[in-house]
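Heads up, the chain below is alone and in the form predicted alone; it's given as structure tokens.
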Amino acid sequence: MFQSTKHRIALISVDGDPAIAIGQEEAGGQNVYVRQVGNALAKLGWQVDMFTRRSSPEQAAIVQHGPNYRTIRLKAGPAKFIGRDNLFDYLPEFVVQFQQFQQREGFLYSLIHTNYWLSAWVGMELKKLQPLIQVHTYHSLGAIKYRSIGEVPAIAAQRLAVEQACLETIDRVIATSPQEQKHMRILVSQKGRIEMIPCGTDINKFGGIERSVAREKLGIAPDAKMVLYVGRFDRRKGIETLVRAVAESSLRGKANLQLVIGGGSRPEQSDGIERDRIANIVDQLGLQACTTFPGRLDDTVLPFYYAAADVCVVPSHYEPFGLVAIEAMASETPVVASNVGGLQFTVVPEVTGLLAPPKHEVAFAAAIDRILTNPTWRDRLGAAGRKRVEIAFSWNSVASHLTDLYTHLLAKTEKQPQIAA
């Protein structure tokens, strides 16, 4: 006999392993979201299992993060890194492995929360095989992504079809910002049920570090005008725009201008290729002396980098939400970001930072200079950012909203009979 319990839920993130170090290839906001949501939900009493695919033979099959939440790695294709655009053919194996895991454990999940379109497909297939509730977070929309890149991959048509079917058929789709919700309606489908629940950040991990203390730890001069980027090396992240903006800065040659570009993984992977491209642009523009590439910033040092910076720049071509922006704001560091997607929701212009058109280095340079040349205003923006995050963007708040949604959806199925093996 299988048992189905409303207190046990599955977060499915096929391509975003919540247990790996952030900054590795294709490991970013989605991985953080799943891990932190899982942690916060566990603290609220849910038994949380986070499912992903095994991408290395050395990886443990199960990672127990705490009493009530763990990462479970299932076989889906060869145990090696495979880019997202090449994973679709291995998804049926993931579905089979998920079902076999349920059989071994002796229960069926009554609710799954899928993440990214690959996991959406897995969830919709599972719904055909067993009764369950599916909640989904897109993390990015193909309809937006494919407008911003020159070469559209072969998988594009499949992705767009899955994203539309997901919105139109599953129990609830999560929009992380009003802008993302609007894009869903305009670009994906007028049908389907959407709930707006933003992403969050750890307000205890970020914040509370004095700028002078952070700079002393990192070896950054007290008089430096420090501009920070944190994230993956990906053309869509707009790092080139930031580098060219720093080259355009009115402070160049007049102040101790420092650009820190944090993130990256192995040189042979695609983000390593992008890192090399950015480094070449830095050299061409004569910025070698003022630019630092510290590599992947783990949890032990990342809060210090945010605290040390005068401004954190998020120059993405598109972001459905933008976790880096609220991590910086939680650290009382103002943000200059592209006026796209969820960044228009998280960053309040003239209050917590400034917005600029994507790919517009002159506009970014002007926005960065406004903050760097006015330390008093910089501090005021930072304090307002911290307050905004405390009110709206803690992981506890996100988990509380998700708990309300899960409970509401599960209440509709409470009276259904148990499922026999």
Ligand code: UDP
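Sequential numbering from 1, following the sequence displayed. Every value quoted in this text rests on a predicted model; they were computed, and no experiment measured them.
There is another form of the same protein, the form predicted in complex with this ligand; it is not shown, and what comes next is about it.
Contact check for Met329: every heavy atom lies farther than 4.5 Å from this ligand in the predicted bound form. Interface membership of Cys166, defined by any non-hydrogen atom within 4.5 Å of this ligand in the predicted bound form, is ruled out. Using a 4.5 Å cutoff between non-hydrogen atoms, Trp117 does not count as a contact of this ligand in the predicted bound form. Shown alone here, Ala309 lies farther than 4.5 Å from this ligand in the predicted bound form, counting heavy atoms only. Judged against this ligand in the predicted bound form with a 4.5 angstroms heavy atom cut-off, the residues Gly123, Ile174 and Leu402 are out of contact without exception.
Picking from 297-305, 333-341, 251-259, 216-224 the stretch near this ligand in the predicted bound form, with a 4.5 Å limit on heavy atoms, gives 297-305. Interface residue among Gly207, Pro198, Gly263, Gly142, judged by heavy atoms within 4.5 Å of this ligand in the predicted bound form: Gly263. The partner is absent here; in the predicted bound form, the one residue of Leu323, Met184, Ile170, Leu111 having a heavy atom within 4.5 Å of this ligand is Leu323.
For the partner-free chain shown, Val230, Gly231, Arg232, Lys237 of 210-239 come within 4.5 angstroms of this ligand in the predicted bound form, judged by any non-hydrogen atom.
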